[in-house]
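In structure tokens, the next block holds one chain alone, the form predicted alone.
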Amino acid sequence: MRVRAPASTANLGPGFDCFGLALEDPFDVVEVERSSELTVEVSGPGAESIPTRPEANTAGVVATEMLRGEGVHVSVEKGIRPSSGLGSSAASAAGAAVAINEEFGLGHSREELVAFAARGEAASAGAPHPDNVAPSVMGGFTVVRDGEVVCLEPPEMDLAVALPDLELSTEESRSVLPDSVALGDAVENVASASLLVAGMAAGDASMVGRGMRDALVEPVRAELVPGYRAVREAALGAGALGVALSGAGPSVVAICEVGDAAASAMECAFAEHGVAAEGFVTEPGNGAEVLE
């Protein structure tokens, strides 16, 4: 059973640990095959940095949780670079959950598969964060809270992404988070998050972009990404409707009507700060899909 599991961008500015959006590209391909034991194989870009011990691999943990002793060989073909802020480990977990559910006829709902995939994420992120696995399983824009997943169809829009030649682990990115925040900043974030969700529900990309303002997390995480503020301004100057760090970073995502100019502008801005980056354009994507 082979499954295509998409990359995702989490937070979108104010939605820390709550918001996620599936991307059309890039993606992982996860294949599962019945076996006498549980084994994991990883190939593709960055595979050398990913553990294959089942208890340390996101897809392996998912298989352990879902099968409870039955054997399976899980093969992950990476298309999403690890430590990029594009939900690499989440895609592997999501793909494994969907593939195992289909191969073994377990009958779990997509919402239940989000919970299994989130447990797999704990192998990489240290805790079962569902903000990336939810869109990777469900597709579109998702909001997660206390195990509940709400899905909305995003408006038609381009997503310009700048992927810098940097690695930033979730653990490192979480280490700089503040223990407390000012009330005024919290109010600003609630307002921004509400506007973003309203834009998704209304199919208004411009409103979504105006809601991508984070007063709590991004200001401290920006210090970990050289040139981030210049990259953000370059994207806005090239017509982006809104810009944010993608998840824990270091990738930067911009919501656009047409994304080519913003992708190029972000790539150039990173270069001006001595950081090589790949700029590309994608769109909101579907959730994990079984391949024929």
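These figures come from a predicted structure and were not determined experimentally. In case it trips you up, residue 1 is the first one in the sequence shown, and so on.
Although not depicted, the form predicted in complex with a small molecule is the subject of the following passage.
- Under a 4.5 angstroms non-hydrogen atom cutoff, the small molecule in the predicted complex lacks Arg119 among its neighbouring residues.
- In the predicted complex, His108 stays away from the small molecule, with no heavy atom inside 4.5 Å.
- Among heavy atoms of Arg210, none comes within 4.5 Å of the small molecule in the predicted complex.
- Asn189 falls outside the set of residues with a heavy atom inside 4.5 Å of the small molecule in the predicted complex.
- Between 30 to 38, 243 to 251, 224 to 232, 60 to 68, the stretch whose residues reach within 4.5 angstroms of the small molecule in the predicted complex through a non-hydrogen atom is 243 to 251.
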